[in-house]
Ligand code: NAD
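Take a look at this single chain, the form predicted on its own, given in structure tokens.
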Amino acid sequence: MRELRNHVGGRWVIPGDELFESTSPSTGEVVATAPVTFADGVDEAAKAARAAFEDGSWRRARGSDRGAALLALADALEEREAEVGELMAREMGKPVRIARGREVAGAVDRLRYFAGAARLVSGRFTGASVEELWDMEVPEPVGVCALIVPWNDPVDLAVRKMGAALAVGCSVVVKPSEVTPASTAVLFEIADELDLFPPGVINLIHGPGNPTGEALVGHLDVDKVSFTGSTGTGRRIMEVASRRLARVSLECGGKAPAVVFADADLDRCLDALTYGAFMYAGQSCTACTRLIVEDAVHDRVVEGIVRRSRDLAMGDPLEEATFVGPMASREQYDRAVGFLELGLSEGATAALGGEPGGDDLYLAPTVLLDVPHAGKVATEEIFGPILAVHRFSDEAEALALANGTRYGLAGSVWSQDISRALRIARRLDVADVWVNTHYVRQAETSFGGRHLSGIGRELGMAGVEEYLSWKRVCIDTRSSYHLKDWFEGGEGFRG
């Protein structure tokens, strides 16, 4: 069992006597204990971050020096890939092979991208002015950033936020999920062992949304909040942060549709969407949760999804062959089962699954047919291994179904007709579209949502720019003041 502490101002501290536990969803064993951070502990962390930012040794460092620290963090995380992947499998239930090869390896790649991005931050200069006027925009780090990390990708999503913020010179206070505190804390253990950052540049505090998250989001020293999680919590964060006009980026819920036309390469499509629906029990905001299929191939698609889903290995997340592990917590399991029971009561039928398991947290992949289009199973985020299947007869109906939710995060289009695929991609009301693939994510291109899926971007240079504040600097090299010359001399106004 790991005994976790906060990391504040370059020191490991315990802010009080109250502790909470993270437990393995597969065995029930206690994986770690961590402190509950109340307002005074949050204040200490935020003030440490502020002091480090004002000191300026990190934000004024060359981009190459900040990049070197991120590269060192990436190398050290890569060396511990097996250890961190196993820890995540125990604490969150993500199958170990996916935890290692997709999440930890992905986080290493993103750290290396952000290391390079630290050298690419640049300003803008206009050449449209009169030649005596030097008019430019200078990027500066936004300041102290509160980074709130969810449990489903506790390493990768921490890196997406920390890497971008640190690359441009911000100081950070990270709050992991109380479900997976140990998995995120590894990043701080590595950084501390290698002495990569000046004291106070990176800070870690543990605790639940209330009191810890509320105090952090509302703290006067926090200039920006970045959050990934539920839409309800995102709304609350926006409300609290708005009281002082703090900047906010939110990556919230999703209800990703996959629109499958009759001319799709069905073998490839069904392989992708089976994995896309049920990888680590569907606990992903971009999981394929709605399958929208053209009438002509509906039955073949359903049969193919059901057959492939039965072959997915479900079991102990520490086993290499496991693809579907347990739900991460009792709360998440009960939520998914509640949606399943509601869907069946509203008239849906189960082509696969449809029954909760025993007393454990394993919920088998479930494929539901005849799901009411306006029902909650079709329109609300479940975050579990439940796939709703709809059918359509033409493009207009497909788009109406695909765009029939309040979310706008991701979706995919499947067709050999590239003109049609691109036409549908442009009309899908989501911010991230895959064509003839699913679950491709690269550090070089940004990611984010619209509507109830959030605001702002992560990854790519657009994600880096979320942590910048712009300052306009105008240098006038003329020998006399231009407004006086214009007002008294009557010449044309030249800015």
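For every residue, the number given is its place in the sequence shown, counted from 1. Nothing here was measured: the structure is a model prediction, and the numbers come from that model.
Missing here is the form predicted together with the named molecule; even so, the following discussion is about that form.
- The putative spot formed by Glu178, Val217 and Arg236 is fully lined by the named molecule in the predicted bound form; each residue has a non-hydrogen atom within 4.5 angstroms of it.
- Considering the named molecule in the predicted bound form, the lone stretch of 150 to 158, 110 to 118, 299 to 307, 360 to 368 in range is 150 to 158 [heavy atom distance within 4.5 Å].
- The closest non-hydrogen atom of Pro208 lies within 4.5 Å of the named molecule in the predicted bound form.
- At the 4.5 Å threshold, heavy atoms of Phe383 reach the named molecule in the predicted bound form.
- In the predicted bound form, Tyr439 stays away from the named molecule, with no heavy atom inside 4.5 Å.
- In the predicted bound form, none of the heavy atoms of Pro141 sits within 4.5 Å of a heavy atom of the named molecule.
- Though the named molecule is absent from this view, in the predicted bound form it lies within 4.5 Å of a heavy atom of just one residue from Gly343, Gly229, Gly200, Gly276, which is Gly229.
- Residue-level contacts in the predicted bound form: of Glu294, Glu103, Glu91, Glu251, one residue has a heavy atom within 4.5 Å of the named molecule, and it is Glu251.
- Interface residues of 272 to 298, taken as those with a heavy atom within 4.5 Å of the named molecule in the predicted bound form (partner not displayed), are limited to Cys285.
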